[in-house]
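Here you get one chain, nothing else, as structure tokens; it is the form predicted alone.
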């Protein structure tokens, strides 16, 4: 297929769009603009069968400890299980505990949204600040922005993750401490970045309200470490737990989504779970050749491992989905950015791609030049909601036209003959035409998927995120990876713990390499008083 052009595939098959498109609830996938034919799809599905993908899917859903390096089950699907079916871990049905946390979230969010939960000075909460990092920040922030029109009037949400003091300072600068609630999310309540931001937020609050007792009315925790939460000043009754079978980047569906639930209400939060459950049912029941996450996963492997395309663009054509590329960067690259198999063998082929992207149409005036006329093969996902939550004149029609035009241009390209005819029609001839001609040719044949949502709703956003979660899982199975650990994240943290005290105590730096030693010494000289 490397020498086949997609425009020829479309010319030869008038039914290509119908044959290579799928639907699940409010989500529609057109994957016809890919370098595939029926044989390609058959071979890719045979690849999935050859690694016993169906068995791995069953093992995940049934609570087997498929996270081998940490000996944990992987059950984020249980968090959005909307059926009466039990889900077992070590012989215990986890669903009663999941439902109990959802009920506690409902009671709490109703109190905050209804004005029953009051701050230290008796004023109702109008601002919620989520303090977390990684999966405790990216997923909730994505959904909060995507579903802002479903939020309660009078409640704003903010997210703080960076230990750069500018992040927290910028957020609290315009806030009223009397009406602000902080949600601190850390399973162990020892995450250094989160705790540092939480402690500084606590200092800010106490300085504004004048008493440490205010902390109990303005801070809640999503954690499992009761002693640490209590020592911080948070009432353990205002602590929401989750489980070790929930990975951070898959935790949105748990109490980690508390800030989102406060913003949009529990009815809408549970509709988010409904949408994810709908995609779960599709994923676990449909044959591979009709299975949206499986198809997306196989296409990703086709380009990354077979074609050597080591990058994948995610381009949402909705401003409300601006954080989708960032969330998928963590979901995909933290899961499948691995060089050894789940059994510990070093791989000799390429695995997880670099995930990146930006909101359309702005990015058309930025990196699309490389997509259209660069030298790299860059598969892309275009994500678009058909109906806008912000109807304004003909903005939506222009937005949709741009999205569809870009996928068409990437697929078709513009041949030399077409470019020549276009320039001649403009009156250009001779040497001037010949000089300009090479710059007007577009090779095309750049693959893309178009993912349409009816509208950005809790249900459609839930299905979209769950779709990508399952895609990443399938790719990990086929590549032979454990997609649910992240040991690569830990090493830098270990070194940071060593370096932090050395920045101020002027101890010996002999254990460091020359570069690190030189940078620490320079920082010491210039850090100031």
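What you are looking at is a predicted structure, and each value in this text was computed from that prediction instead of being measured. Residue numbers count along the first chain shown, from 1.
Here the subject shifts to the form predicted together with a small molecule, a form of this protein not shown in this document.
Asker: Looking at the partner-bound form in the predicted complex, is residue 139 within 4.5 Å of the small molecule by any heavy atom?
Answerer: It does not: once the small molecule is placed as it appears in the predicted complex, residue 139 has no heavy atom within 4.5 Å of it.
Asker: Taking 4.5 angstroms as the cut-off for heavy atoms, does residue 45 touch the small molecule in the predicted complex?
Answerer: No - in the predicted complex, heavy atoms of residue 45 and the small molecule never come within 4.5 Å of each other.
Asker: Tell me, yes or no, whether residue 357 is in contact with the small molecule in the predicted complex, where a contact means a heavy atom of each within 4.5 Å.
Answerer: Result no; residue 357 lies far from the small molecule in the predicted complex.
Asker: So, residue 67 and the small molecule: in the predicted complex, are they within 4.5 Å at any heavy atom pair?
Answerer: Contact with the small molecule, no.
Asker: Could you tell me which one of 489, 503, 496, 54 places a heavy atom within 4.5 Å of the small molecule in the predicted complex?
Answerer: Of 489, 503, 496, 54, the residue with a heavy atom within 4.5 Å of the small molecule in the predicted complex is 489.
Asker: Taking the small molecule in the predicted complex as the reference, which of 191, 457, 318, 406 has a non-hydrogen atom within 4.5 Å?
Answerer: The residue in contact is 191.
Asker: Partner absent here, but in the predicted complex, which of 55 to 63, 466 to 474, 28 to 36, 481 to 489 has residues with a heavy atom within 4.5 Å of the small molecule?
Answerer: Going by heavy atoms within 4.5 Å, the stretch is 481 to 489.
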